[in-house]
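Here's a solo chain for you in structure tokens, the form predicted alone.
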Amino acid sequence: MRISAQDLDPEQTYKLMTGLVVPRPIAWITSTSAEGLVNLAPFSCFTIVSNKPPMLGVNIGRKAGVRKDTALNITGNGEFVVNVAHEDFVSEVHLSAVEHPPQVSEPALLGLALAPSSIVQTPRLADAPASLECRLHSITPYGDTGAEFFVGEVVAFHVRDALIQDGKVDSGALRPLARLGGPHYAGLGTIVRQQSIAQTPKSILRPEER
């Protein structure tokens, strides 16, 4: 089947792309309003931007042309926390995507405990296996629907002790939740280990990798 991108409206394009670009990690973001209310929402257009300084990028769309609470909060105070949701939180993650009035706090509504962050004022989720405190670095608009790419510098990491082995995160033990198309989620499934590049025979490497 060949589909012309020009023949699709934004909703059709979204459904197609989110079904093909899978699985996607979820940034479960806590942010704080000007009134001090803590908002929680999941975003699956989420990636690493830099490792020095550590930076993350999250694409936040608009609802009927209006910025979502998360975008308004981040723009207002310049900070947010990315919480990593594990598989046991699938229901809470899904329900936190429901659009609520600004005066509703999703953590309170869903019964999720908060813990203070160490540098930013916005709290993190107490039961998340990992949380990353971020300060806003930049906002870049993309496309015709008002989507914006928020980049934050990570100023502190919170990771459960048992998840760190030799300075690396045990992804299997982390059990991160991933987003698929529509109301579908997944875990990591089977993890396949390959040799590191350093252990790969030089005869099969490209010249620049040798």
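Numbering starts at 1 and runs along the sequence shown. Keep in mind that this is a model prediction, so the values were computed, not measured.
If you look for the form predicted together with a small molecule, you will not find it shown, but the lines that follow are about it.
Site annotation in the predicted complex: the residue of V120, V93, V84, L125 reaching within 4.5 Å of the small molecule with a heavy atom is V93. V98 belongs to the set of residues with a heavy atom inside 4.5 Å of the small molecule in the predicted complex.
Contact annotation: K63 falls within 4.5 Å of the small molecule in the predicted complex, judged by heavy atom distances. Although the partner is absent here, Y185 lies within 4.5 Å of the small molecule in the predicted complex, judged by heavy atoms. When contacts are judged by a 4.5 Å heavy atom cut-off, R175 does not count as touching the small molecule in the predicted complex. Listed stretches are 151-159, 138-146, 33-41, 47-55; the contact stretch with the small molecule in the predicted complex is 33-41, by a heavy atom cutoff of 4.5 Å.
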